[in-house]
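Given next, in structure tokens, is a single chain: the form predicted alone.
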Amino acid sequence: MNSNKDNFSEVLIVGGGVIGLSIARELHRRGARRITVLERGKVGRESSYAAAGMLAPNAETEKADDFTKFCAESLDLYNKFAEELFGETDVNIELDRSGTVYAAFTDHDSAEIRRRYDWQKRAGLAVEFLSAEETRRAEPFVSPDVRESLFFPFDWQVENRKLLHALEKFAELNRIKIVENAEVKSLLTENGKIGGVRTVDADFSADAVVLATGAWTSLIENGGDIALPEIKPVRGQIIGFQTAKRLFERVIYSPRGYLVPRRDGRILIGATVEDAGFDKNITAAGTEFLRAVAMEISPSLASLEIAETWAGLRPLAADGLPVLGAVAAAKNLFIATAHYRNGILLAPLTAKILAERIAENKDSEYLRIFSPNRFKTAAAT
């Protein structure tokens, strides 16, 4: 097994998606200089690349709780995040603040969005009710069958692939080492401390290790009293159309799926939610379902051929919440995973609180709320 001083890092980050790369950037901004990111395949090409880039703390929430607050606070960082990344890398991540429409197409849909409107208004969330006419005026290409909708002015979107490009470029410009095709097999432990990790080809040592390993977290072998949380992969398939110009101004939800318009005329339709293990294959059933979602939202898409299909594996914890912070049995081991459908949205705040904890020993209420140790505590009770 190859191991040398060149494989030593101040901080070793396992996982080169939006979470891992964002943490690397924040650590560098706080003075860390020897940072290594290990990626099992090509950097930024797993669930972060497959995402639709929605920043939707309100349209997707079912209750006002700590997780909703966490999502909203991360969204609050996005304006500055986008501006700083552009200044650092000259990459425009296309932060789109046009808002999101949640549309009703059936009686059941109408009852659902009225229920949402009532509790969200009471909770003080930013939401507006639109009639069918107002909805069609806002989005002329929406289905004539639309009955009413909710408008969320502070649910945005970002071009997630350009975001990944910006973060990777930041790493390159600032000498953050990225090692691709380096699948981590196990943690290296000694006397209750993590010394590093072992890949197929080499050992990598570090003062601190961060597992930003998404759906693959549970596959990493570990010894002793270190218990990693069980993270489950959930497949999401997406299809894409290509138009000559942008037809829609906003993200449009229905209770069955969503439509995301891009500046270049692409239209993304998503997404399935499937318990399929680590299988990322595109299925005929998934494609058929997504085409039906598209036709319901906008029958004008019927004449278009599907231009692209892809799938990603969302990381899901047992309670559906993120897993963030230090592992009790190894104080220099940190976890940042299980963001499920919100990895792009939660990247700025996740990176901030993890980097502050590692570089400055600064605590956060979210590191307590979403601690990896909550599962061990629950199992013991």
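These figures come from a predicted structure and were not determined experimentally. In case it trips you up, residue 1 is the first one in the sequence shown, and so on.
The same protein also has a form predicted in complex with a small molecule, omitted here; what follows describes it.
### Task
Find out whether any non-hydrogen atom of W216 is located within 4.5 angstroms of the small molecule in the predicted bound form, and reply yes or no.
Close contact exists here: in the predicted bound form, W216 approaches the small molecule to within 4.5 Å, heavy atoms only.
### Query
So, in the predicted bound form, is F334 in contact with the small molecule at a 4.5 angstroms heavy atom limit?
No.
#### Entry: 4.5 Å heavy atom contact, I19 and the small molecule in the predicted bound form
Although the small molecule is absent here, I19 would touch it in the predicted bound form, with heavy atoms inside 4.5 Å.
### Query
Do F152 and the small molecule share at least one heavy atom pair within 4.5 Å in the predicted bound form?
The answer is no: F152 has no heavy atom within 4.5 Å of the small molecule.
### Query
Residues in which of 52-60, 352-360, 326-334, 28-36 have heavy atoms within 4.5 Å of the small molecule in the predicted bound form?
Comparing against the small molecule in the predicted bound form, the contact stretch is 52-60.
### Message
Residues E46, L313 and N342 are flagged as a possible site; in the predicted bound form, is every one of them within 4.5 Å of the small molecule by some non-hydrogen atom?
### Response
Judged in the predicted bound form, E46, L313 and N342 all sit within 4.5 Å of the small molecule.
### Message
Between A271, V210, A206, I267, only one gets a heavy atom within 4.5 angstroms of the small molecule in the predicted bound form; which residue is that?
### Response
Of the listed residues, the single hit is A271.
### Message
Within 4.5 Å, heavy atoms only, which of A82, V293, A182, L247 is in contact with the small molecule in the predicted bound form?
### Response
None of the other options qualify; the answer is A182.
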